[in-house]
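Just one chain follows, in the form predicted alone, and it is written as structure tokens.
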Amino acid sequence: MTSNTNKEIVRIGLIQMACGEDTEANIKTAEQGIRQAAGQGAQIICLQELFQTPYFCQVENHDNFKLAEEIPGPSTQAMSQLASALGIVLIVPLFEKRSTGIYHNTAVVLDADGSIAGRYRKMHIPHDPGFYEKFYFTPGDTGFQTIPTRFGKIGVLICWDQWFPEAARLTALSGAQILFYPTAIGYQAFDESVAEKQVQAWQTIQKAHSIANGVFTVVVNRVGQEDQVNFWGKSFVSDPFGEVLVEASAKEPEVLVVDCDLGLIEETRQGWPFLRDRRVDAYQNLTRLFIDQNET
């Protein structure tokens, strides 16, 4: 790619990995991917959910709490140095130990000077066969927020959050130009008959976030077989029209780099003024878990 001179252009990097049992090897792979993306001019680079380890939430095992670390901690320190050296913004998903007995599924945003620009703690926590996250993670309390960085205003959400339009909407309303979804999603052996439908639904819901909010959406998934889950990869970026600008393999690790023209946000919102035409006066029931028509 040629160097970009347009102030509206932000170059995004996605690091899709296959993770093994060797944590140090996973971290080294991530670092190599980051350097590769930065070498191609990427300014904001996102890693996948829980990139340092296999997806340990397939089982409920107290020993896995040893994988958690504090923030700031060794990982944020190492990645901060890398972000500063390369002059990039890094989105680093970690298993955070907040205090004794309180752990989060967290993404730290490191600015291009190496400082912590912000953090997001996963709000929606699944608990399904092979995805026993409620055993490990306390629901986040950071809310849905925009994190200003050197190269743009970004919002970070994590995996299961991607199915909830409320999360995308509130993050976009807070000013985010790009929604990042570090992810660990796949299908289990007994799900193979509906695997393709699941992938299509997964991509559709996130492209819809782009369209409904007039923003870019960046999804970084893992790939490969880990125990009973086959992670389907297919990391991608969609623009404010929902068009997929780049998409990774379903089978192989891959580093993607793509330009996002932030000027499209204003252009799209002028043509499709969904935010203008919202009836905020009529949405009060969105704060309710369920609407019982028989209630008075």
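All values reported here derive from a predicted model rather than from experimental measurement. Quick note: we count residues from 1 along the sequence shown, nothing fancier.
Below: the form predicted in complex with a further copy of the same chain, not depicted.
- Each of Glu166, Ser174 and Tyr283 comes within 4.5 Å of a further copy of the same chain in the predicted complex, counting any heavy atom.
- This chain is displayed alone, yet in the predicted complex one of Tyr136, Phe144, Phe151, Phe95 has a heavy atom within 4.5 Å of a further copy of the same chain; that residue is Phe144.
- Heavy atoms within 4.5 Å of a further copy of the same chain in the predicted complex are found in exactly one of 199 to 207, 74 to 82, 109 to 117, 221 to 229, that being 199 to 207.
- In the predicted complex, no heavy atom of Gly130 sits within 4.5 Å of a further copy of the same chain.
- Contact annotation for Ala184: none of its heavy atoms lies within 4.5 Å of a further copy of the same chain in the predicted complex.
- Using a 4.5 Å cutoff between non-hydrogen atoms, Leu86 does not count as a contact of a further copy of the same chain in the predicted complex.
- Mapping the unseen interface onto this chain, Asp239 counts among the residues with a heavy atom inside 4.5 Å of a further copy of the same chain in the predicted complex.
- Applying a 4.5 Å heavy atom cutoff to a further copy of the same chain in the predicted complex picks out Met123, His124, Ile125 from 99 to 125, in order along the sequence.
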